[in-house]
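Take a look at this single chain in structure tokens; it is the form predicted alone.
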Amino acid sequence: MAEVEGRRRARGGGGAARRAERTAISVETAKYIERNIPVYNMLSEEALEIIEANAETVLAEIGVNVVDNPKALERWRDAGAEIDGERVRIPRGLARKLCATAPSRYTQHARNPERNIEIGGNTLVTAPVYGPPFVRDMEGGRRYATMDDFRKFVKLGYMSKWLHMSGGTVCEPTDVPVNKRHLDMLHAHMTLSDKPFMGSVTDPSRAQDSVDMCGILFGEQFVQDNTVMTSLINVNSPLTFDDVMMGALEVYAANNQACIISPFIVGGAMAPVSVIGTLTQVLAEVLAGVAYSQLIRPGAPVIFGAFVTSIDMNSGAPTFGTPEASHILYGAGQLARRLNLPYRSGGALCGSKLPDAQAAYESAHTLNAVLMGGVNFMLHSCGWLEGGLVAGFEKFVMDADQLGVLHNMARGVSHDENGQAMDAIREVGPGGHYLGCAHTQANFKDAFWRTELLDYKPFETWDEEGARDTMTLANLRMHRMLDTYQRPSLDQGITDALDDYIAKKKASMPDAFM
């Protein structure tokens, strides 16, 4: 870290940069969650052993398709797999053996060292919604996302206390060419926030751009020696690994950057309708993906991912917050822990079109399962609407506030002398009240989690202030946050180098919108 700080000082800016640091508004960010409560193990030992045995059967007898990637096929052949065209059959035990070199926990560095995060073990890291092509707010309704919307989300994420990461494709800015928008998105994460972020995965060359730009931000050698990105690699379920996602994985693993190997499953469409059948496929896909990352670079950081929803058998639409999805979340967490890998799942998921009661119920079900199911990396922690098609500004603020509940729940219950509160009970005695006692006065500021959004005022006050519902309050808070946002300081030399890199890359290719 001293090397990074020294390099930053040497880049220029000098006194001006130090003055900017002194005058910048400090934005409070809570440390990543460390669970002091137990996780919930839903599946029996017998069920887990059945899933693991069946997943080995899937890999050995059915296999996975590795599409349009001859080098990957050659790597698998050299490792001992059976290759038949693009079908790869992995002998029993081989994938699990390869997975053993992946770390159980790693640090992702932020440009502000105070925002570094630990992923794995008993930790939980929160990251915002990822991938929606549409956005929604009270003023503009539902519309295609723009780069301006993207930057607003990055600013809101930076100012959200309980959100640990800036994220990745928080929304898809459709007003920027497809082959160039990743540059602008990365630039926003790097300059508008100082929290950790994710890289581009939509093409191997864009993954390389992500690594190169991180080389400018952190220093090239620092990037090779440390993890500064955790990026999302989706499996084309069922049992298919395409060249785009695997190409991005190859770039990141070779450069010591973390990847989430995440089957993308709508139960009943891309996996069986049963929980055990789905978990069998999830495990087989993750084993193959994680093993491949270790063929690229043994020890490359990687996360066991599981994004699984159920399906409405009448409409065919994905559903969220259902018991079956929670069953799978809990079960996949047990499987990840048995592999000694960090685990990604969950989020504030919902199928609702608005941040309404349906959105709240469905999101809360998944958030609670995330905490109890042992998730280490929670993508889609805030902002998700309409099955992931929409990033909602008000929903982002509402969810980000509720993430504070997870922090407080994870702390557990203290039974030290202060927690026992015997002095307070003695002081008040029968028939009294605790509002003025010494223990209350000493602890009231942080005794209870306090929302920065929800309304607890008396009816008369609430009515006089306009009888505002939660979405209205979230809209007001969102505008307040954006109005008071101040960009975190960054050495001018780094800023100029990033701008030069982006300008040259954009000039090197024509615009493409496909």
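One-based numbering along the sequence shown. Predicted, not measured: the structure shown is a model, and the values here were computed from it.
Here the subject shifts to the form predicted in complex with another copy of the chain, a form of this protein not shown in this document.
For the options Lys152, His439, His187, Arg337, the residue carrying a heavy atom within 4.5 angstroms of another copy of the chain in the predicted bound form is His439.
Proximity to another copy of the chain in the predicted bound form, defined as a heavy atom within 4.5 Å, singles out one entry of Pro238, Gly215, Gly388, Gly120, which is Pro238. In the predicted bound form, no heavy atom of Ala253 sits within 4.5 Å of another copy of the chain. When contacts are judged by a 4.5 Å heavy atom cut-off, His365 counts as touching another copy of the chain in the predicted bound form. Interface membership of Arg136, defined by any non-hydrogen atom within 4.5 Å of another copy of the chain in the predicted bound form, is confirmed. In the predicted bound form, at least one heavy atom of Tyr434 sits within 4.5 Å of a heavy atom of another copy of the chain. The stretch among 254 to 262, 177 to 185, 102 to 110, 267 to 275 whose residues place heavy atoms within 4.5 Å of another copy of the chain in the predicted bound form is 267 to 275. In the predicted bound form, Ile50, Asn54, Thr57, Val58, Glu61, Ile62, Gly63, Val64, Asn65 are the residues of 50 to 74 with at least one heavy atom within 4.5 Å of another copy of the chain, listed from first to last.
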